[in-house]
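Okay, so here's just one chain, in structure tokens, the form predicted alone.
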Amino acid sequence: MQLAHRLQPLQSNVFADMDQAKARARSAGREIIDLSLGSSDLPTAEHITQTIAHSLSDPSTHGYLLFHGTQPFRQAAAAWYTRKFGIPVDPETEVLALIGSQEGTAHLPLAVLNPGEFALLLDPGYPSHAGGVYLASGQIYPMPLLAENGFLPIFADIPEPVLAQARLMVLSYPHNPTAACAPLAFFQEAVAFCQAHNLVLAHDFPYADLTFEDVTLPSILQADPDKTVSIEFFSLSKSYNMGGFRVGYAIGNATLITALRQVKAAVDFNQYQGILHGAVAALTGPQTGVQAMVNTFRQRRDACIHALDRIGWQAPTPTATMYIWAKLPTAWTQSSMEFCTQLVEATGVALSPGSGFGKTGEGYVRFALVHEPPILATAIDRIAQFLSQV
């Protein structure tokens, strides 16, 4: 049997390799402390789950859900966005419900790229961004993110021959995995660059609420209020601890929303309507749970940084996201993948290798702060023991 060539780049996945390493550690009797996946361990607020539960007894929610049936959710999303960022949004033409924002970022290349055309992606970056380009038979130009540049790409470094064939740029700040934030001036530069080169500008924004200090997290549409080239993706997975419910949305340029809707219509309808009822309750109801989530991750960030400092592993303190992006200890001379596989097999502590997010991620590991401080401290004690034997 011969499969499509576009699947070739998807066959290698370091996270699948990490899953195998975790399985070997479990088989050897190790207790796993998994800090490799950015899936929140916090519960969804009760008023959200009660809304979903109430929907189950309503037979009108049990059928297929087409676009027009998502109107209440789209209206809630548009109102939430306007309250937060001050940009008016038309819920009929500028909002699209998604089965998680990952669905949108993976499908967008199918709507805007022809085979062989380039997408400009962050390196390191979120793996599904690349996966969507490969499925669209596009090419990837990686924009390196370096610490000395604040983990922001340098647009002037993109070669002209690449720009001539490019149709899409994907950004995502606060950034996974580096936890870097971008100021509004950077987004304004990005919008001007994409306007000048006729590029679609997509911004993946799942950490819109997850900031710890007095750091302003701008929307890309604040730099492109007329929505000339931009589309932004939001998720309820982080702000409202709804990762398993798979609900997100896109807001932006009406032509791009229509194109993405056409792709979506060929692939799926929508998620269960009761989930969207819960999402409306999340967006329009009390927001105290969002602040509690932020406070929890701030405490975990501080505990993890303190514990790392205690064992002599220096890492910058992030101002947003649920991650710590740390350079490998100087004593370690092998790859980030080898560090993570050997660490989990020896101690049960699972981290994400930087190479899993792109070539420029090599030399780093990512900690996901998805456990309480005492467990984080235990994990780092185990890491110290592992490093003492290096």
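Every value quoted in this text rests on a predicted model; they were computed, and no experiment measured them. The numbering used is simple: start at 1 and walk along the sequence shown.
There is another form of this protein, the form predicted together with a small molecule, and it is not shown here; the text below is about that form.
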| property | result |
| --- | --- |
| The small molecule contact at Ser219 in the predicted bound form, heavy atom, 4.5 Å | no |
| The small molecule contact at Gly38 in the predicted bound form, heavy atom, 4.5 Å | yes |
| Contact label in the predicted bound form: Tyr323 to the small molecule, heavy atom within 4.5 Å | yes |
| Non-hydrogen atom contact Arg246 with the small molecule in the predicted bound form at 4.5 angstroms | yes |
| Per-stretch contact check against the small molecule in the predicted bound form, the hit in 297 to 305, 98 to 106, 221 to 229, 152 to 160 (non-hydrogen atom, 4.5 angstroms) | 98 to 106 |
| Contact at Asn176, Pro206 and Ser237 by the small molecule in the predicted bound form, all three, heavy atom at most 4.5 Å | yes |
| Listed residue (Tyr126, Phe118, Phe187, Phe193) with a non-hydrogen atom within 4.5 angstroms of the small molecule in the predicted bound form | Tyr126 |
| Among the candidates Asn241, Ser172, Thr211, Asn270, the residue which, in the predicted bound form, approaches the small molecule to within 4.5 Å (heavy atoms) | Ser172 |
